[in-house]
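Listed next as structure tokens is one chain, alone, in the form predicted alone.
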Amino acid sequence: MILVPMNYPRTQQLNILKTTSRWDVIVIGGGASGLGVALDAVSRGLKTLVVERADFGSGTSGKSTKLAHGGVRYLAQGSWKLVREALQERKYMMEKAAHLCVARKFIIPVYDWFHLIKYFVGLKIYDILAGSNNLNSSRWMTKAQVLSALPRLKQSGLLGGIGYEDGSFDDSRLCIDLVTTIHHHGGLCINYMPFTGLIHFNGKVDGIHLQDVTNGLEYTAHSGLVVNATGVEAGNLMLKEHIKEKYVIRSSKGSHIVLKSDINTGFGMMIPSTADGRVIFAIPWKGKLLVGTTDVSPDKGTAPLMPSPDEVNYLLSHLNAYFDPPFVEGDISASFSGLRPLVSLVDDKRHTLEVSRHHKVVIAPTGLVSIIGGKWTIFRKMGMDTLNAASEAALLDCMPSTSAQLQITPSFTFSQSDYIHPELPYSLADIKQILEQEYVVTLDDLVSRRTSCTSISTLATQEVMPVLTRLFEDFKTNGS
């Protein structure tokens, strides 16, 4: 078994890659689904390699709404199994990653009796589906209680609200702590190591070709089980393996804005119905208010993927239907967008907001295994389902999964003072430790994922960038 310490230098990681003749499992993709597969694999005692073409969580997995939840709105779609499954996995996240995933109180403000009954019944069903995994039962809140929690709400016509609890977590930090945990259990995860092609032997997948972004060197890694966990890009690899499936991957753009909020009560809010049938959340986030998300067709062109003016107006207008004084664009401290990899039937013409968030495991005739769709909360279950499917297809001989018992290991404990900026909850000691221990290759890794600087405040990040740049350059010169 390969034991990789948290601060394993990249040179030694590459040496392990070069000298390991064969792996039990190779995972392409270092986001939620890929790390979920790897976590499950190491829980079964399998020699596991994860390769990521950019940084861990640099795609969709680092740009979520930061919710560990069942998904109240999926009840209306009839996706009760998905909701129940996600509520079970929410418990796993809150128990095994308690340093990152916490219970959050939410309120649905109610302005008419019909919706009061509708939402109350819906959340009671949510409670029932959670069963013993429920956090706290949903409850009626008086007008006074709602206004105490959300003091900027419009008071005219307000009857009260429905209160409930769900989970909130730090998605980018969970990615890096999953990497740490996988390493502690014998796996190897390497970022900036793009997959360049599959290796076949006797008509079956037998490994992958790789090229290191940092030095241009090429590598090969061999395994009879290669898992395609590349999110919105998974369909491209499936096509290359001539997979003829009834399912296709449809990408949907979800955008968020982060507001300089004066709501400091700790409560979140759910807007349960928008003009286009979505749900919008307003969630306390690192001293700000995170608002999202949209569900639109992806922008034409390439990165950077950012919220469009229409999306910003959409989020502000729906939020301001409830708040007075209204929020304005000047209140936005940061924003970000991501692409959801949704799975639908080939002939399904519905809007992406109506498409189920279920995941599918697809196995090609060559043995390539693809995990497509899904949502962050069920990342562990997605990994377990992937390896169970591979085992049933005789691609893998292994012990049963024990990932439900694995504690997610924090890379280190962050400081609680001496912050680099009043709006950014990180100290210089934190930054130095991140650089030393957490596989930072680019400056963006540091400011966008190891920390959440860019999703907290664009201006504050710009103000501390000279210091962060100097620390990063010093580390690259002397530390690695």
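Because the structure is predicted, anything quoted here is derived from the model rather than measured. Start at 1 with the first residue shown and count on from there.
Just so it is clear, the following notes concern the form predicted in complex with a small molecule, a form of the same protein that is not shown.
Remark: Asp170 does not count among the residues lining the small molecule in the model of the complex, judged by a heavy atom distance of 4.5 Å or less. Within 4.5 Å of any heavy atom of the small molecule in the model of the complex lies no heavy atom of Thr451. Shown alone here, Val42 lies farther than 4.5 Å from the small molecule in the model of the complex, counting heavy atoms only. Proximity of Pro326 to the small molecule in the model of the complex falls outside the 4.5 Å heavy atom cutoff.
Shown alone, this chain has one stretch from 67-75, 109-117, 144-152, 358-366 that lies within 4.5 Å of the small molecule in the model of the complex by heavy atoms: 67-75.
Taking Gly338, Gly235, Pro307, Gly268 one by one, only a single residue has any non-hydrogen atom within 4.5 Å of the small molecule in the model of the complex, and it is Gly338.
Val51 is the sole member of Val447, Val51, Val440, Ile431 with a non-hydrogen atom within 4.5 Å of the small molecule in the model of the complex.
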